[in-house]
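The data below hold one chain only, encoded as structure tokens and taken in the form predicted alone.
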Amino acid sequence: MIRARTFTDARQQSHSNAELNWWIFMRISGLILVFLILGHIYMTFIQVSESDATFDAVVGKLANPAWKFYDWLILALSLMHGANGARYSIEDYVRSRPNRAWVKGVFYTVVALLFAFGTVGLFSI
């Protein structure tokens, strides 16, 4: 597990390229998510008045494939970012190797189901 603040330190601490790639992903996805979510908040709560925020308005907005992709990108990045952060916590707090494998298996199954249901729900509208 990498506990570095700079890329140079992260490269020195990484035991594999995969771990370094996840470290880079967390920084990039976190930054992208900030702007995606701020944009979503602006377009949902500031640009539209409260009386216009109805189910029909949301369905009308999601009729545009660009909006579906925008919302799906938030879903995918936030689930991957959160799952990787939780993986760090699981590795820190679950000491037994068999228990860690079991906990990760259940956790990744829940994440995969959330992603599948979120994607189906988003693209079925």
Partner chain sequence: MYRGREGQWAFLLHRLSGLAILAYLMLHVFSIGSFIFGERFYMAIHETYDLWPFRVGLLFVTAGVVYHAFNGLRIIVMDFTGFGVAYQRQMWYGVLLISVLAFIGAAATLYPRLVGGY
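All values derive from a computational prediction rather than experimental measurement. Numbering follows the first chain given and starts at 1.
Keep in mind the form predicted together with its partner chain is missing from the figure; the text below concerns it.
Indicate whether Ala66 is a 4.5 Å heavy atom neighbour of its partner chain in the model of the complex. Looking in the model of the complex, residue contacts with its partner chain do not include Ala66, since no heavy atom lies within 4.5 Å.
Heavy atom of Val110 within 4.5 Å of its partner chain in the model of the complex: Yes, contact at 4.5 Å.
Test of understanding: in the model of the complex, would Ser89 fall inside 4.5 Å of its partner chain by heavy atoms? Ser89 belongs to the contact set for its partner chain.
Using 4.5 Å between non-hydrogen atoms, is His40 touching its partner chain in the model of the complex? Residue-level check for His40: yes, a contact with its partner chain.
Judged by heavy atom distances of 4.5 Å or less, which residues of 16-47 approach its partner chain in the model of the complex? Going through 16-47 in order - heavy atoms within 4.5 Å of its partner chain in the model of the complex - the hits are Trp23, Arg27, Leu31, Val34, Ile37, Leu38, His40, Ile41, Phe45, Ile46, Gln47.
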